[in-house]
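Shown below, as structure tokens, is a lone chain in the form predicted alone; questions about how it binds or moves come after it.
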């Protein structure tokens, strides 16, 4: 092999790289190793012109799985049988689908070796497709997008030289249109409403959604663009480990699945799902749906001491609330018998052993190697059976796998002893498998094509592949994406449990939390949460966002879906002395002012009404636009303007009522500066207003909050009001959502009873409610 000291010179002299490019290349260790192998194959060979570029292209595109085919492909490149980047990429594609052996005639046909496309052929095909676009070309002239035309030509002549195709397209367009005019050369422009010429720009997706112009970006839109491997082509994925059994196992896998995408969402049933899980649910179910596949809901129930029935039910409810239906609901415990048998196989193969180190001794990244790592196989088999039969106490033995993880963790535990009955298997087992052992094998049993998980599990990928291959079973591909974190909250099950125990919040569905049950109770629509997850996309980057970002999507969605109602949160009684009717009247009010076709509801207008306390100020100021003793205010929907004649106060001097006269809005000399909401003959309701639970962005960060997250809790984060509402709300049902005019969006709380309506504030309005 070429020594590393000489690599830069070899890359410059042999492959024609610049010295700078060669030095940059050497920083990439896998690429450097591949180039070293290529240089070794072409030693003492005089390369034809242009071959060095193709060899470098091959090195950047090839995969470790086909390293044994490198000499053959290099030979084809050097002899100019693979003379374009397209042919080189086709060679890689063929090799990846023929890991064991390459059939030369079949290989050459697949790569188009020897196929020559003449200029006449290119001219004829371009002319043929140009006719299809002639009208559009004449209309748009040189602003015509030639990309689709080029694609069609390349589809017809895949082995044609790209430059030759481009030149022929340009020539034929020129023959049709002639030289460019001044108008052709002018940049595209757009005139805005003010008459200014600006560059044409596309409004942000979220802004368009808010205005109702276009549908929101969905998770299906996002997942259709994700570049994951096709089912059965696991071997094309970087890092996937290919063995002599891979080809056979993939063929068997495809027979079972029919080539269909199969994913899974595998939560532990030891707590309620939170907002981070919403992203996982959307990615797993969304990718399956986008590819006409299926998604399992699999409960990872391997910790019986922490699992409760309410968590199983809650998880399923939340998945369905987000709009997804599992293809099948399974449990890791469904496979306990098979998992045990495979553990025995590992021991027999010398790949697992029974260890007596304590949990503390195994902690950290540099623990002492187990003194029992090389114990006799027969001895480990007997001890493992003793563990299974309850003859060894908890903490006195584990079964460990012989592998070192990427993070340096040595020999992860596969089984541990737990004398705890299981909710499904009862007392059958007293040993339970760990995540590191269970996860990949359950994926294999269920023929999962794409094991999608958050980035922190990347360090477990090597053990995932190792374990499947060690047992010679089908090995899915693990793909990682960035975790979703939120500021100003905690999502840890243990910490939420502590908040509940300390009576800071009431339960897992307290609207101040960011569990999915809490968000549903607060009134967040599932569709808005899904839209939010779609906007985050699928990347490896970890996302940490403020709650306001999610609230913006909730507000946008509710703005188009939540009917308007008038509700006075903190009421002040108004008596109208010159009420213009003999008795209270009914006034029609639109459910959506900008969309009258969506219906209306009736509100009562009588001589006694209620307005917000904040909408009256005895002595106003120049910035105050609502009711004062000298300033009139309009009543929304009623068509009348109020003017103060008397102010009623209690013994403490607090205002308890205002006496007014009313005038038709068309008959007042000066139009009022503001119109306010009001209610008459209202229904009494309870309204719960919530504020941020924590003071700091990251209440779990000891540098920000040295006293611990409990010390960071705000006081008075729940404010309960006795309010007065439009009587049409009497028929509202639990989780119904409304916009209370000028106050925000609210949802009916599950605590509601027949005689008592309770609303939770979901989010406020964008506009300042004081205007």
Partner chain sequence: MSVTTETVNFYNKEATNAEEQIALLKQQILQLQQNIKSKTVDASLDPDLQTLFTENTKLKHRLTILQRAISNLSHSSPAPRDSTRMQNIQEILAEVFSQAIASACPDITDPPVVITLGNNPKFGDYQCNSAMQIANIYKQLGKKITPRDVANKILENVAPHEVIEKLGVAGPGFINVYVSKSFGLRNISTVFSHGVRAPEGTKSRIVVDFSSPNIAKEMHVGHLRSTIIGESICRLLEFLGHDVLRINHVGDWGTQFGMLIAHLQDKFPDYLERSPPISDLQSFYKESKKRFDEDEDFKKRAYSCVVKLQSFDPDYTKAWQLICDVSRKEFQVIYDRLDIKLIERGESFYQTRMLEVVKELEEGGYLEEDEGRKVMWGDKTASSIPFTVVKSDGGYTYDTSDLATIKQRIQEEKADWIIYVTDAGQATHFQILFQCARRTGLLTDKIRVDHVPFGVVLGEDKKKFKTRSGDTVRLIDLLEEGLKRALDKLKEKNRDEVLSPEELQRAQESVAYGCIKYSDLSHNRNHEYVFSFDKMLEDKGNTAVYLLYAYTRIKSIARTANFDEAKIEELANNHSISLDHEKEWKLTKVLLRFPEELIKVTKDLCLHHLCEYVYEIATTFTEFYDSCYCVEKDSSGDVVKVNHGRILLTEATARVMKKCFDILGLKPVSRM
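Predicted, not measured: the structure shown is a model, and the values here were computed from it. Positions refer to the first chain, counted from 1.
Only in words, not in the display: the form predicted in complex with its partner chain, which the text now covers.
- In short, of 441 to 449, 690 to 698, 91 to 99, 415 to 423 it is 415 to 423 that has heavy atoms within 4.5 Å of its partner chain in the model of the complex.
- Not one of 344, 374 and 472 is positioned with any heavy atom within 4.5 Å of its partner chain in the model of the complex.
- Checked against its partner chain in the model of the complex, the candidates 501, 139, 427, 182 yield a single residue with a heavy atom inside 4.5 Å, and that residue is 427.
- Shown without its partner, this chain lists 388, 402, 277, 637 as candidates; in the model of the complex, only 388 has a non-hydrogen atom within 4.5 angstroms of its partner chain.
- In the model of the complex, residue 379 approaches its partner chain with a heavy atom inside 4.5 Å.
- When contacts are judged by a 4.5 Å heavy atom cut-off, residue 261 does not count as touching its partner chain in the model of the complex.
- Interface residue remark: residue 660 is not counted as part of the site for its partner chain in the model of the complex, having no heavy atom within 4.5 Å.
- At the 4.5 Å threshold, heavy atoms of residue 394 reach its partner chain in the model of the complex.
- Annotation for 432 to 462: the only interface residue with its partner chain in the model of the complex is 432 [heavy atom within 4.5 Å].
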